[in-house]
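This document opens with one chain alone, in structure tokens, the form predicted alone.
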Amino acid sequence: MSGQERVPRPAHLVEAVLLVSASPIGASDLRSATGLSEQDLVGALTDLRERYDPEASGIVLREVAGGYLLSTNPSCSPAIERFRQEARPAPLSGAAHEVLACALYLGPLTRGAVSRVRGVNSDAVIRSLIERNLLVEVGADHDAPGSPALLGVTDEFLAATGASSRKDFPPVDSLVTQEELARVRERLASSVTTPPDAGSESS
């Protein structure tokens, strides 16, 4: 042996970084971590797509939430579930879907704003979604008393839905009528700063 360290190939560098990440990594972050040029990164990702072809591998390279992620091949999911012997996470409630829709289409929003839009205190549902890594605090509303936190959907939420970005979701005006949308915006513009006087929902 010469005693000199072997220089890893670009694809090996990208593969190693993706392997230790549980969430999608964008191209700029991959270049920063690996020190690769844009051209070398493109070549490395091409190599990895070939290596992790779904027809030939139990691991696949996914492009989701504006980044790249190594994950198990969906065709292998029955074997994985048997190995884990774990139940799937509890399905999201209707209330949770409503809160996520608020954050996705109207966000970022404060907890109070979410509750006003829905007409019911949503704190318990929001806590559950944060624990499941589907919602995250993305800033603060400095114009409101106490500068409450602003909530937005996470990259994990986008990855779970198979979306590359928010643009992959249908526009809000295709889902609700203009009258419904106007009522929602009126609630958001309300001067009320406290959630509705109602019991919190369970998640």
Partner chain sequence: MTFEPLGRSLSDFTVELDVYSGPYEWLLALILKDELEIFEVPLRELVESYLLARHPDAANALERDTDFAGSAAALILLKSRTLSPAIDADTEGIEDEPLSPEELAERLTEYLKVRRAAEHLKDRLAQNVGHYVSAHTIAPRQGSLGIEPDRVSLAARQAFSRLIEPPVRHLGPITVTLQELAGIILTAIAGGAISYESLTSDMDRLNRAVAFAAALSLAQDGSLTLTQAEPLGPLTLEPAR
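These figures come from a predicted structure and were not determined experimentally. Positions refer to the first chain, counted from 1.
The following text describes the form predicted together with its partner chain, which does not appear among the structures shown.
Among residues of the shown chain, D173 is one whose heavy atoms approach its partner chain to within 4.5 Å in the predicted complex. A residue is said to contact a partner when one of its heavy atoms sits within 4.5 Å of a partner heavy atom; G35 fails this definition for its partner chain in the predicted complex, lying far away. With a 4.5 Å cutoff on heavy atoms, T161 counts as touching its partner chain in the predicted complex.
Its partner chain in the predicted complex comes within 4.5 Å of no heavy atom belonging to S28. Shown here without its partner chain, the chain has L100, A101, C102, L104, Y105, L106, R116, V117 in 99-117 lying with a heavy atom within 4.5 Å of that partner in the predicted complex. Note: D53-F169 Cα separation is 3 Å or more shorter in the predicted complex than here.
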